[in-house]
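Heads up, what comes next is one protein chain in two forms, each shown on its own as structure tokens, labelled structure 1 and structure 2.
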Structure 1
């Protein structure tokens, strides 16, 4: 049966059938009682199905869901809702400008870092960022010095985390190695960095109100990469994308800062940052289909593949057919919707952060155009944005960064 992602409606839903009916009706908020847990939750139901069966026709984009209905007709909490809870918590922390709680450490526990070493540590983070991610590095070069260094430190921690499961030693990585990595994360948040690169992040989290949760969640994403190679539906894939990429958006907002004149809610800005992470990861996945398949991995919703008449075998064979093209069109459309969702949020960031974030958004989104230009052959051709196009994106991004925050536009008109 097709999973029904709902643009649900009204309030006072008591059971799955009612939820399903209401879902057909429209948008809004709803209260859902969960049969098993017997508790009420408020769902902020913004989006609905990606039209697994019929929903797509004529609707502007239902992308992801807050409420889903199980085959038995029970209302279940979707990945989007679970992630939105994290967004709310992160937003609340930023609003209160809470610094991470630093556990006092004894001098012997503490890695003493002379000022010069800290500079070296940050410089090394910059070099790693440049070496592995030219596009992000370009974005960071448009930032203020302090923010740039902070983003480098975050980048390096993320890259090292990803390398645990994707790097040369990946075959030796066990869940307990990830547990140790998480313990090390806790230590660096507590002011006890293990090495120089951790020390740069320790310093960053002292300077910016960054919370540990998104970092923990990224480690969780890597745990799931160790055990899972298929995603049943978009809800499962969404959760994975949150873990490995949406988290980066949440880590970055406290560094980027929100414009003082922005009228947007902090939650709204966090949601947009989350969407940018999800959009980037979906784009990554679509670019790397062939590469991932060669490692036995398929990061595509199995139910949508089946609906398009495609199987794992087709992915492994890697032939571009009309079925594949139309499947890809749908996936690209969804990724673009997440980019669009992110756009509003970029305008709410502090002025100095908008240019780099616009630049990275425009550059990353162009990968989708390149997949189209390759006639959807993402099996054997890697979509690549050339230097000229990259450079051209910079003035465009700059122009956009001068636009006033979206939240102020209606007020002033």
Structure 2
């Protein structure tokens, strides 16, 4: 689990003309003109313009957009746009500095715990974060105490939710169990925590403008893992990545804070958080192809596998071929694009919050390098970043955390 961040659409794709030019560069893909206030979705059109070397001289394979057109000629709303509607809601909440209530809460329902008990709850969250995410935990130590403890509380809730379907008791988890977990979440947001770890998060949402929707969406991602083992296209996979990882960034932006001198929009910073979450989850998927296959799961776009001349049987057989290498190059390129989108957004965060985010970004992106170093054998070899490389990444991440916000650099240039 990692806390994540990003920026909005790339400049240069803000209107129909730019999108039309980009589409032309992508071998004639269609374009859609959208109002500027909705320009973020054009970021997905950019992916249609990218080519991946197919191994044949002078020929590239396009990375298709998830924006589709129905047989009737009407634009179909993509997963990116559906998720961006959540981004807009979170951004508006942060701007107003309001905390929503799921149900009316009377004074007797408010969270009341002895000060020492709440401190113990946060300390326990910190111990769990240190045990399971050592590098990230180290980065949080540079944050203010209030922000640090809040991030620990969010991390622990996300980890507990993830372990419902991936932990030691995963085989006993049913949809009704997830329904109960979501009801517990609602009670937590209403100031009625079930245990000390819930109490830490319940206290956090009293202090920061955090909305319940990303938390609910993460539970929905766990439901998806119970009923779905294949993804027809990247649009479906994108939504899954949002549910299980992109949500973490949306939960965390209000706690991390935005740099006072940043000129970036609030929506842009939230979009950056989302993008790093997507990048991290895509990286997880590519790293764990063999492990997932042994559980009967394939988190890869089925249509892109077919285009590459591959099938589920090829995944289960686990043999590295030129077709597999070509397919993996395409998937890695896409993941790196999301990392690139995220980089500029990290600089817009409050300076005291940037180090753990930069560390997460740099370390996760190195996993892609390790997959390449393993000759794309992610069937029987698990790509991981060694301890020495992790240690080297920390001062680099710290150095980048001191950089001026990207939005200010643009103005000065």
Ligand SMILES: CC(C)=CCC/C(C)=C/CC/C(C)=C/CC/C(C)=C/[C@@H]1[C@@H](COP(=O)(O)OP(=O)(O)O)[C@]1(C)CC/C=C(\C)CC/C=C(\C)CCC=C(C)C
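These figures come from a predicted structure and were not determined experimentally. Superpose the two forms; the largest set of C-alphas matching within 1.5 Å is the rigid core. Residue numbers count along the first chain shown, from 1.
Of structures 1 and 2, the one that is the form predicted alone: Number 2 is right.
Using the core for the fit, does the CA position of residue 145 change by 2 Å or more between the two structures? Yes, shifts by 2 Å or more.
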